[in-house]
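In the block that follows, a single chain appears as structure tokens, in the form predicted alone.
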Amino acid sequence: MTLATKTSSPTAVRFDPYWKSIMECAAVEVFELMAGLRLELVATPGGEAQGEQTAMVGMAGALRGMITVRCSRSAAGKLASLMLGQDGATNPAMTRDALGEICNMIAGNFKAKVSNLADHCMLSVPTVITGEDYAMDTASPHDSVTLALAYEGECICVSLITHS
């Protein structure tokens, strides 16, 4: 008998609207820790999040879905320079890595704050998309929460999308 057959699969954790406040806490903590920024929640802009840089981290196990962070290229560059020094803003690979790491840290912080997720939810390696001309379709049924955080006159959108 292998380890995979000995362990029981975790009970699925269902979406909870309260997770919006947990996501807010996780995102604010990560931006403060990683970039030294105290970002404030603002009203979510109408429609989809905008920006040329999108990082995403998938979740599997007790919770299936993804967390995304989307912002403008200039905001991503500024965040990278705060995290990695001036080279972060001028090196596109470093900018993508920094945004991917922020997304990964938010996902990890979020799952640590939700009961039954810390040990029963795995995270993927971050993926970063550069460009605006794309559409993200998710399998139905799904639930989501999106936060808009103000950063130097720009918006950084953090989203949680879960699949039932």
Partner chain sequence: MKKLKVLIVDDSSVMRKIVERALRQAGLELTEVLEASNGAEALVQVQKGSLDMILSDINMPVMDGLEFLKNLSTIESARNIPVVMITTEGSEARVVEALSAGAKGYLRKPFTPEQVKERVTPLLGGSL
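Because the structure is predicted, anything quoted here is derived from the model rather than measured. Numbering follows the first chain given and starts at 1.
Omitted from view is the form predicted together with the partner chain, to which the following refers.
Taking the partner from elsewhere, Gly61 is found to have every heavy atom lying beyond 4.5 Å of the partner chain in the model of the complex. The partner chain in the model of the complex comes within 4.5 Å of a heavy atom belonging to Ala118.
Among residues of the shown chain, Ala98 is one whose heavy atoms approach the partner chain to within 4.5 Å in the model of the complex. The partner chain in the model of the complex is not approached by Arg70, whose heavy atoms all lie more than 4.5 angstroms from it.
For a residue to qualify, one of its non-hydrogen atoms must sit within 4.5 Å of the partner chain in the model of the complex; none of Ser74, Ile129 and Cys155 qualifies. Interface residue among Leu37, Met136, Leu41, Leu123, judged by heavy atoms within 4.5 Å of the partner chain in the model of the complex: Leu123. Taking a 4.5 Å heavy atom cutoff to the partner chain in the model of the complex, the contacting residues in 97-112 are Asp97, Ala98, Glu101, Asn104, Met105, Gly108, Asn109, Lys111, Ala112.
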